[in-house]
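Just the one chain here, the form predicted alone, laid out as C-alpha cells.
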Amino acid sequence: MLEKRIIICLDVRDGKITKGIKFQENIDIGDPVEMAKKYYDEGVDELVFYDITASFENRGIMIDVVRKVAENIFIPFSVGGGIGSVEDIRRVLLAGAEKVSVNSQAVKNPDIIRQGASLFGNQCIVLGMDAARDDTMPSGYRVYINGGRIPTDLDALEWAKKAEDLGAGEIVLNSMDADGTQQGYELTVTRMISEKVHIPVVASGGAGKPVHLYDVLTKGKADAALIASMVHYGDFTISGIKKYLHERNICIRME
C-alpha cells in the first residue's frame, strides 16, 4: 500500500505567507522561509509554495524566495505561480524545487505540460487546478484561472484527463468552494477525478480537522491532502494529524 502524504501549502503574496477564504480577504501570517523550516522540522511530507499573484500581475515567480526555502528543507518541494515557459520551469528546478506546478499558464498554453515533462520528467510537472461547482459543465465543475478570478470553458474532469495525457505527473485539485472554509474537502470532485486518472491526486481546499483528511484520503480517494489554515493558526500539529490518521489505519510516514 502506498503511503498517503500530508502536504502544507504556503501561499505567498509580496514575499509573505498569506491566507484567505475562497480566494478573498487574504491576511499576511508569516515569513515563507521561517514557516517552511518550521513545518519541515515538524515532519510534514512535502511543501507546496504558490506565488498567488504572479499570474494576475503578469510577472515571474520570486525565485529568491524559492532558493531560500529550498536551502532550509530536505523534503519534496513544489513551486507554482507565474510559470509560463520551459525556461521558467528550469529556473525553479535549478533553484532547488523538485516539482513545478502549472495552472493558469497551462490552460493558456497546454503544450507547456508536454514540453516540461519531456525535458525534465513527468514527476516534475504538476497540474494545479482551481475548480468550482457549475451545473452547466459535464462533470459539474468548471476550471478557473488567475487565482480564481477568471472562469474558463474547461470542464474539470476533462482538463484533468487531458493534462495526464500531456504528461503531468500529479494533479493538485483545489476546490474554490471549500478553500479556506475549514469545513472539509469537496469529496465529490476529488473522488471523481481520482477514479478517472492514473496519476496521484492531491486534495486541496477546506481542511479544518483531522477527520477531514481521513475522509478525503478514504472516501475522496486522494493520494495526498494539502493543508494550510488548520496548522498556520496553531489549531493542529503535523504530528497530531499523523497520529490521528495512523490510529485509523491510514498508511502514512511516521517519524
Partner chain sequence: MTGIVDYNAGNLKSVETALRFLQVDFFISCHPGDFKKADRLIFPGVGDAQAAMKILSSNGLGETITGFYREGKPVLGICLGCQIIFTHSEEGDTACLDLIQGEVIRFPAVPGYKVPHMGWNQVIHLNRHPVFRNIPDNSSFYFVHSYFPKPDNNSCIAGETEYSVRFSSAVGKNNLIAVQFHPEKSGKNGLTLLSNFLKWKGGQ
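Numbering follows the first chain given and starts at 1. This is a predicted model, so every value here is computed, not measured.
The next section is about a form of this same protein that is not shown, the form predicted together with the partner chain.
In the predicted complex, the partner chain stays beyond 4.5 Å of every heavy atom belonging to Ser85.
Under a 4.5 angstroms non-hydrogen atom cutoff, the partner chain in the predicted complex lacks Asp31 among its neighbouring residues. Although the partner is absent here, Pro200 is a contact residue: one of its heavy atoms lies within 4.5 angstroms of the partner chain in the predicted complex. At a distance threshold of 4.5 angstroms between non-hydrogen atoms, Gly169 is in contact with the partner chain in the predicted complex. The stretch among 155-163, 180-188, 97-105, 135-143 whose residues place heavy atoms within 4.5 Å of the partner chain in the predicted complex is 97-105. Interface residues of 221-255, taken as those with a heavy atom within 4.5 Å of the partner chain in the predicted complex (partner not displayed): Asp223, Cys251, Arg253, Glu255, in sequence order.
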